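The chain below stands alone and is given as structure tokens, in the form predicted alone.
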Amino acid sequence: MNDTALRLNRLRWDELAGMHGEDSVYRASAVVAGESSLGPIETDLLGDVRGVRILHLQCHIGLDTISLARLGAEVTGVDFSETAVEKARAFAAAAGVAADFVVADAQDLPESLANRFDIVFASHGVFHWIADADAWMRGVARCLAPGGRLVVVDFHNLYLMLGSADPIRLDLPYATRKPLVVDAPNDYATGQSLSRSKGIWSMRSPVQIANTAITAGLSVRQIAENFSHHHRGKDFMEHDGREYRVTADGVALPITFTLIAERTR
């Protein structure tokens, strides 16, 4: 099933990468011109990255990679979609930013990346696309230098499973060991219809993900639930003037969670 998930998800992300750039989510021309695609949650967690070696997993079309490089980091972006990496390289060249990009599955990172990085960073759409979270975490642990940190900002399961807030409708389970075939016929960024509408998701709770980090030999330093500074595709998200929130039956639900873990040896 892992091979099937990888094949289907790569085909879908190849198509998505071909569409993304000039849309409300990615704003590629603005980022190329000098704006940052990183939100306050990401920059607060990362801290001062000048001279810091960062591995950016599942980098997609590379806009966060470019933004990190502009902050002074030495960044390598990784994505399993060759289409996405080609686009990321083109955007970085247009921005005049030095960043390396590698085509690789985040569940099977090349040995050439081992022990090289002070931070491994991944954000927004990470773990529900990963069939083998244990392999993902083992790769992170292998790529971090001793004392290095994993920094994750990802969608919370409560947000992913919510199909409607009023009335409340849950379209997905909170967490399950079984992979889920998800049929999303339209691109979340542009609204265009997709020929590769199906993807395979794995739903895990933040606690389960933290446990995979511990199993991989990392020390979990922080896990938190958050709202979001980005609009992430659901029309019932509300903006309170500072950040986006989702409220169901009068209760504000987390949109994202954050995880920091460290390689201590």
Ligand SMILES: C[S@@+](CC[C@H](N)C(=O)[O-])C[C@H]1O[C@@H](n2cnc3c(N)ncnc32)[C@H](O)[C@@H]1O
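Position 1 is the first residue in the sequence shown; the rest follow in order. This one's a predicted model, so the numbers in the text were calculated from it and none came from an experiment.
Absent from the display: the form predicted in complex with the named molecule. The rest refers to it.
Student: Determine whether any heavy atom of residue 91 comes within 4.5 Å of a heavy atom of the named molecule in the predicted bound form, and answer yes or no.
Tutor: No, residue 91 stays farther than 4.5 Å from the named molecule in the predicted bound form.
Student: Using 4.5 Å between non-hydrogen atoms, is residue 157 touching the named molecule in the predicted bound form?
Tutor: Result no; residue 157 lies far from the named molecule in the predicted bound form.
Student: Taking the named molecule as it sits in the predicted bound form, is residue 118 in contact with it (heavy atom to heavy atom, 4.5 Å or less)?
Tutor: So residue 118 does not count as contacting the named molecule.
Student: Consider residue 104 of the chain shown here, and say whether it contacts the named molecule in the predicted bound form, taking contact as heavy atoms within 4.5 Å.
Tutor: Yes, contact at 4.5 Å.
Student: Given that the partner is absent here, state which listed stretch (166-174, 78-86, 93-101, 110-118) has heavy atoms within 4.5 Å of the named molecule in the predicted bound form.
Tutor: Heavy-atom contact with the partner occurs in 78-86.
Student: Going by the named molecule in the predicted bound form, which residues of 9-34 come within 4.5 Å of it through any heavy atom?
Tutor: Stretch hits, in order: 13, 26.
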